[in-house]
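The chain below stands alone, shown as structure tokens; this is the form predicted on its own.
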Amino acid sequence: MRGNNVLGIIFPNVGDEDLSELTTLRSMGSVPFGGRYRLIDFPLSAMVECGMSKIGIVTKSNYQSLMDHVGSGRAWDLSRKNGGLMIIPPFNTAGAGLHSTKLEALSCAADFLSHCDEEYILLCDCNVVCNIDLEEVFDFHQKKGADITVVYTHGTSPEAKTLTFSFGEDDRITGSRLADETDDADFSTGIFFMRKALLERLANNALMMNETSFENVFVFEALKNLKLFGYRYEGYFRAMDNLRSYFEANMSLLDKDNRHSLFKSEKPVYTKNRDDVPAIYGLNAQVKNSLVTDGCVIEGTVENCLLSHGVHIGKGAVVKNSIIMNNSYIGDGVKLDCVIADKEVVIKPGKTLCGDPSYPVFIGKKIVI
């Protein structure tokens, strides 16, 4: 199947409530990850890499940061006269309101969908990180003769309620339920694939019946009449369902094997480039097992950390097991351990902040301590 016959829809606000510390002023899709990326970079890059050239981002709230990041889509080669990237805001049609579910979000995008000629549609959330080969999903869907294909993975499901599945023969889904954190489960990655006409028919019928649950329409009720199949994804996967899981996912990138599994030379992850000078290391700087982005100035000790663009670590400062985001300033003699500092945070000289991997200390954007 050709990727240019597939329309992409991304939901950047799914999971906002689960990571409220970081989504108060931004959407889930624009949450920073890995020092230089945003969560939306991963589904966008996967779509572009399989040949998809028309992608809609259905926004809900707090999407200024998201718009600043994706812009016209140039970083993903989606700045085009025909197709390309489109941001779909709420209230974009008469009678539309602020949606609270994915199904309602699709109704906001109904006009966009109706004007697209692609035969198939791919739906993706932004609260997970993976680097999936979507061409394999398309081929799987055709080979199985599926009506709906759901991408799932196996392991411990997130703490937030997540679709888990049971299977019969030949990868066909026979049952599903919404479950809290479960060990040894087959659970959804939030990626759904089907014909666009089927999606429009099911969504329109559901809204006429005042049904607002995406899961009810496209999984629970669909199991009664349609053929649902599950494609198992076995690569690097992390779900962001609370601050602890976000912290753990970022820290997992300090493991070389995880980095190589997520960032593959044959399947790159694209992002908006920020032209900056190389990182500068002072005479007494000590850096160990850390990801340091361009524009950083390090004069102290950094160990097991992720530093985003423009971070300054002062003289005598000791920063361990922490995530420091863009343009934050860590003063002289500061000691940090298990801390997440949002963008443009200032920590004055001599301060000490310590958390725990299971309960990291969070410092909000532009806060001065």
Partner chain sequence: MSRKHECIAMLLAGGQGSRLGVLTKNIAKPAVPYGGKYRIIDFPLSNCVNSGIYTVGVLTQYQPLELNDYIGNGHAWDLDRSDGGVHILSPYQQIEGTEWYKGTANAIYQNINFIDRYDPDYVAVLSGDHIYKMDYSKMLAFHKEKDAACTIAMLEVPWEEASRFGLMFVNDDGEITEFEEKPKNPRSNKASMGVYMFTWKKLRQYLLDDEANPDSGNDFGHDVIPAMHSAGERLFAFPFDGYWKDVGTIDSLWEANLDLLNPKVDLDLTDSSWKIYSKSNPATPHYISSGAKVQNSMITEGCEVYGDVDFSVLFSGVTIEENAVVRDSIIMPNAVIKSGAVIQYAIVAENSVVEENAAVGQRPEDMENVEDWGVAVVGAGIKIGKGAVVAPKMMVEEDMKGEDEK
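As the structure is a prediction and not an experimental result, all values here were calculated from the model. Numbering follows the first chain given and starts at 1.
Keep in mind that the form predicted together with its partner chain is not shown, yet the notes after this line are about it.
Comparing 114 to 122, 149 to 157, 189 to 197, 248 to 256 against its partner chain in the model of the complex, the single stretch with non-hydrogen atoms within 4.5 angstroms of it is 248 to 256. The candidate site formed by N5, F165 and T174 is entirely out of contact with its partner chain in the model of the complex, as no residue has a non-hydrogen atom within 4.5 angstroms of it. Heavy atoms of N289 reach within 4.5 Å of its partner chain in the model of the complex, making it an interface residue. In the model of the complex, at least one heavy atom of V269 sits within 4.5 Å of a heavy atom of its partner chain. Remark: G282 counts among the residues lining its partner chain in the model of the complex, judged by a heavy atom distance of 4.5 Å or less. When contacts are judged by a 4.5 Å heavy atom cut-off, H309 counts as touching its partner chain in the model of the complex.
Checked against its partner chain in the model of the complex, the candidates D170, D276, E234, D184 yield a single residue with a heavy atom inside 4.5 Å, and that residue is D276.
Of the residues in 188 to 215, none comes within 4.5 Å of its partner chain in the model of the complex through any heavy atom.
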